[in-house]
Each structure stands twice: as C-alpha cells, then as structure tokens.
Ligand code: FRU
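Here we start with a single chain on its own, the form predicted alone, put down as structure tokens.
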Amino acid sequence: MNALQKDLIKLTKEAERQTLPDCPWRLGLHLMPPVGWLNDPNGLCFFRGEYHVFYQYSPFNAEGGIKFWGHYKSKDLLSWEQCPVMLYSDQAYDVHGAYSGSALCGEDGLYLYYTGNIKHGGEYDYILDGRENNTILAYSPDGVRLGWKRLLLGYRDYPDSVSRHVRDPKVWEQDGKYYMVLGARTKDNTGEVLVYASEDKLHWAHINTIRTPEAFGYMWECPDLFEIGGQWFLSVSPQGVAEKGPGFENVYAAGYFPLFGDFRGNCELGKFVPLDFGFDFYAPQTFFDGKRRILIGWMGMPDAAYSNPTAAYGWQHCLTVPREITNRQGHLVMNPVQEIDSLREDSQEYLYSGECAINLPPLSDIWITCETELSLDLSGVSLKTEAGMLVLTVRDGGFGRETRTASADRLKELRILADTSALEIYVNGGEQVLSVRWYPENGQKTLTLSGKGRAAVYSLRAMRVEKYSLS
C-alpha cells in the first residue's frame, strides 16, 4: 500500500460516512452507489459461492470524476453486502482512473483485468496522442482484499493501426488457454475489437481483430464475447453509429452481433441488434454462474442530454437488475433472474376492458397480457402501440427524457419492474426491453390501462443491502 492509496482509502471512507439528504428516489430493486457516481458494471462473476458486482465509482462527486472500482457481493442476488473499494487509481499506470474491465475466477483467487487511464496535460487531441490506456491485472486472494497489481499492456503493445483509445478488457478461459477482447478506435475513426491470447494470464499476444466490412461507429466500448446454445455473440457499446431508428435513438447504442466462424481466425459478424430500446442502458457485461448467463448493464447513458435529480441528493445512477439471457433462434432474449420472484409479497389480479386504473405499491412487478391494442400510463410514463411500433413517452419527471420506440408487430404481453425511480419494461417474454429512469413527484403511483386483457400486480419487498464497517 503506497501513500496515495492510504489517502484515497481515507477520503473514500469520509465520503461514505456522510449522511445524505433524505431522497424519495433511493432504489429498492437496483444497486446504486452509496454516495457519489456510478457507471459501468465491472468484474461480474460467481466466485466461491458468491456473486460479485464491481462498478465504476466516483465517491467524491455525484457528477462524476476519478474512477475506482466499487464492490457489492451476494450469495443469492437479493441480499447484498457493500464491500470496500477494490481498485483505486493509485499507481503511475492508472493514476487518472481505474476504468472498466472483467474478472477471471481462479482456484487460487480472483483475477481482475481493467484499463488504467492516463491523460497528460498539454495541447493534445486525446485520440492520437496525450492519452494512455493500459491493460492491468489486479489479483485478490479472496475476492475482497487486493493482493497486487501488474501492468500487462501499454499503448506500444497494441497494433499500430489503433488510436490511444483501447480499453475495457473482457477475459475468459477456453480450451486450456486464456482469451481477452479489447474495445478499440482506429486512427481512421473506426470501431473494432482486438483479440488477445495467453498461456499464463500474464503474457498476451494479439491474434486477431474483429470488425465490420463498413465502419460501424468510431469506437466499440465494453466488448464481451460469449457462446449460448451453440451460437457465439459479440456484445459491444458502439459510439458514433450513423444508423437511426429504434435502438439507435440515444447518443450511443448497446447491442450485439451474432458471430460466425472462429473468433481466433476467420470469422464474420451478422447484423447488429440493440439490447435495449429505452433511455438508460449502456455498457452491459455478462458472466456465467455455472447454470446460466447473466447480464447486468449500467442504467445510465454517457453524454446524454437528460439528467437525474438525485445528483442534488449526493448520488447518481444505478445498475439494471440481473437479467438471464437466452438464445431464442439466434436472437438474445432477456428477463429478470428468477430470484426476483422471491421478493413478491401481496398480489392483485385485474380483468380490464376499456380503461382500468390501478393503484400500485411502492415497488411492484406488473404482468400484463393484451388481447387488443394496448396503451398504458404509469404516473407520467406512457406506452402504446402505434403503426407497428411500441412508443415509450415520458411526460412528467423525465428530466429531458421524451420518446423512444421499439418495433412491435404484435404486442402479446408485458412485464414491468417498477422501482422508486427506475422502470424496466420486458416485451413479449423479453424479446425486447426498454429501460428508463423515472422520477414521479409523489409517492403514489397509478397504472392506467386501456384495451382488453389481464393484469397481475405483485408488491415487492426491497433487496437487503448492508454496509461494511467504516471503522
């Protein structure tokens, strides 16, 4: 432990000890920062019988700032323990931010791969010069305490064709070797993914580059490469995509390409498919817990024109609930993990024909089946089918959020997880998802349905979140 790390630990504990103002929008179903700012999920894994969720964390400022790795863990995805910060920006190779990365579970401990950010002072464009994105390995013997860090790759170790934007390593073991994908921006402003291989977790060689025939944005962030049901998928969060329409209405997109062939050699990408059609979803990461693949995303959006009023209360942003992803005929389908069902308490069922108004509990799990065209209003958030499209509109409490769309040839069912300030809307069994932060001004929420069908509303108890000792 060096002097800088000691100071950062002290300052973080002081920030986390402060008493935040009472906030009506603290969440009950979604992980959020104890104080300050949260963004990308990092290092998602199931290690020694516990789920670990790390995340980009700026404890000193709810508007962002220097990034560390915050940390939660859980045995059941329902009761969480807030752990001490795992990674600080405390070395020469990560002094301006411990940026995003992933986890590799070993028998001897947890290996965390991440990007160390450096921005030099001066007249730089920070694309072709003035910036360093180092690939770093941090080792933990138990998943909670940091053992050591080691610089693995610097900008001189990346292909000559890429700019100074190379980041977000995702690492996994396969066929007795280790593989890593890194998101990159080329010198001619094209997004791509670099593939590396290693025999020992420490020494890495570039073996392939995956890209589209035509440029698809200028940068591919947060790459993730995985197989489900015999099909490989490359998930990325591309920036600068020219395409418009559903799934591309935010400043940046997040989705996946089906990958055909061997990622280590000859391969090609299919058509890009957005993963979420709402306002607030970016930088998703997946992991396999031994029985299923789980995805968690950042329920936010970088550089967005809209805002979150919670910043005035000393905190901002949250993560999505854990979502199980499955392969349905080559298309990824997402739904909340089944553990969420065990939070249910009371339930009410309704038959609606025409208009039906339902008072909702503070936290609710809403299931709706549709026999006719449907429109609904949930205290200022409306959803309706219109000319083969599903239209999501935030009228009140959107803080700049207005309208998003998704294709919907036939709307059969909806599931809505309604938290105090977050909505996750799952369409037709998770074929499409729309995520949005939402800030109703009063505690009472009302769901108004227009059409014909059935609805079931379950009240949910909040997750348990316990803090570690700050002594």
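In this text, all values refer to a predicted model and were calculated from it rather than measured experimentally. The first residue of the sequence shown is number 1, and the count goes up from there.
The form predicted together with the ligand exists for this protein as well; it is not shown, and the discussion that follows is about that form.
Practice task
Examine N39 and determine whether its closest non-hydrogen atom to the ligand in the model of the complex is within 4.5 angstroms.
Solution key: Yes, N39 sits close enough to the ligand in the model of the complex that at least one of its heavy atoms falls within 4.5 Å.
Problem - Contact flag, Q316 vs the ligand in the model of the complex, heavy atom cut 4.5 Å - result: No, no contact at 4.5 Å.
Practice task
Please run the contact check for S100 against the ligand in the model of the complex: heavy atoms, 4.5 angstroms, yes or no?
Solution key: S100: contacts the ligand in the model of the complex.
Handout entry: Partner contact for W204 in the model of the complex: the ligand, 4.5 angstroms, heavy atom
Key = No, no contact at 4.5 Å.
Exercise for the section: Report yes if all three of E221, Y282 and W298 come within 4.5 Å of the ligand in the model of the complex by some heavy atom, otherwise no. Expected result: Yes, the whole candidate spot contacts the ligand.
Problem - Residue (of R167, R293, H71, R164) lying close to the ligand in the model of the complex, criterion heavy atoms within 4.5 Å - result: It is R167.
Practice task
Could you tell me which of 414-422, 401-409, 440-448, 39-47 sits within 4.5 Å of the ligand in the model of the complex, going by non-hydrogen atoms?
Solution key: Going through the listed ranges, the match is 39-47.
Exercise for the section: Enumerate the residues of 52-71 that have a non-hydrogen atom within 4.5 Å of the ligand in the model of the complex, in sequence order, or give none. Expected result: Contacting residues: Q56, K67.
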